[in-house]
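Take a look at this single chain, the form predicted on its own, given in structure tokens.
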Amino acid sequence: MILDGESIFKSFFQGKKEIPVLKGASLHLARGETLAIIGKSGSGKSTLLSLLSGVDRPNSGQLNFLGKNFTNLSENEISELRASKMGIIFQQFFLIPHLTALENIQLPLQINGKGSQLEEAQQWLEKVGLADRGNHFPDQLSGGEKQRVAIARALVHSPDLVLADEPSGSLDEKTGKEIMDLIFQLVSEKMKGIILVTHDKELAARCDRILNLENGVLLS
């Protein structure tokens, strides 16, 4: 089992008013499995991804990643686990502005001291169709190109878990399908796992399972 979450509760405060977002959400992800999470805007999907990545913590409930309980880990331990074992694809890209496309992709390999860093980064640049854009900085790239760099960066270190928030949202239909083929291929061939949040019903249908986040719980 890659990920195991039980009865996750999360709420926020607006002044003195408590706003419940997750009300006992549970999910499980096995090796080699793909899971889509769908739901209306504002239903808490991004909050859930923040909890699954360890960026935020639940108010209550249990979350185990690769057999480790997040509640028992320090912030540093979670950060190390996230950097080495997770690949996160954000809607906002979060590329480092003073690094080139190639250097952004190299970053996870450098942090983890893995592999022949330049060669692997160049290979992923080619896989996402940006072989000729490696020396360009983020502000010289289109939105779709930034998304492809962000996806390559998330996958380059072959993470056990890929968390993706609308991964093909900034891509045209043809490129989006090609990139998602890459992601699904990585999961299948190397027995990784992916949880993706999407409004795209066709993309969700490609996953092994679909869960709907509704009224703070996940329904199949």
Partner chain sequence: MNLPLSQSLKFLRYHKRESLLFLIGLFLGLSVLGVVHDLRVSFQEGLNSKSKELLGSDLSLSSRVEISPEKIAKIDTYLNKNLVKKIQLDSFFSMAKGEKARLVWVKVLSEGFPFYGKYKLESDSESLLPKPGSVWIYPELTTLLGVGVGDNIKLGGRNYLIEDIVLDDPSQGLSWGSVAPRVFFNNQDLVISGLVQKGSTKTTTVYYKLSKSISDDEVNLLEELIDDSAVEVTTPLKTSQQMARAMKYLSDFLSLISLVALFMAGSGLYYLFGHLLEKAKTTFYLFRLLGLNRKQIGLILINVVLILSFLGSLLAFAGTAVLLPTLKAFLAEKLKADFPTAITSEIYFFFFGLGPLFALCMTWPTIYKSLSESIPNLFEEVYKRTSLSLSYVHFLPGVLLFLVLSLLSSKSFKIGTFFFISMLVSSSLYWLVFNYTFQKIGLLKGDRLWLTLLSKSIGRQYKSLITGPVTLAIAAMMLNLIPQMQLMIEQELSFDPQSSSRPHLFMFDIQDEQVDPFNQFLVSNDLTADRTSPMIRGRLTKINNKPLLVRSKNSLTREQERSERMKNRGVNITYKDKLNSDEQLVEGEDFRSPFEEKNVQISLEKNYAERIGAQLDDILEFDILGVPISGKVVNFRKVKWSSMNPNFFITFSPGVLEDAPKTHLMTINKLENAKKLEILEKMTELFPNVSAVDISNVVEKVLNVFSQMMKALRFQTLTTLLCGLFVVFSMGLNQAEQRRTETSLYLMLGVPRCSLIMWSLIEASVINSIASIMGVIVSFGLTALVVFFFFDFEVHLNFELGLLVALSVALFSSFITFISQWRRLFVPPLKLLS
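Positions refer to the first chain, counted from 1. Just so it is clear, the model here is predicted, and its values are computed rather than measured.
Not on display, but discussed next: the form predicted together with the partner chain.
- Residue contact with the partner chain in the predicted bound form: Ile88 places a heavy atom within 4.5 Å of it.
- The closest heavy atom approach of Pro97 to the partner chain in the predicted bound form falls within 4.5 Å.
- Within this chain, Leu49 lines the site of the partner chain in the predicted bound form, having a heavy atom no more than 4.5 Å away.
- Taking non-hydrogen atoms only, Asp165 approaches the partner chain to within 4.5 angstroms in the predicted bound form.
- Heavy atoms of every residue among Glu75, Arg82 and Asp139 are located within 4.5 Å of the partner chain in the predicted bound form.
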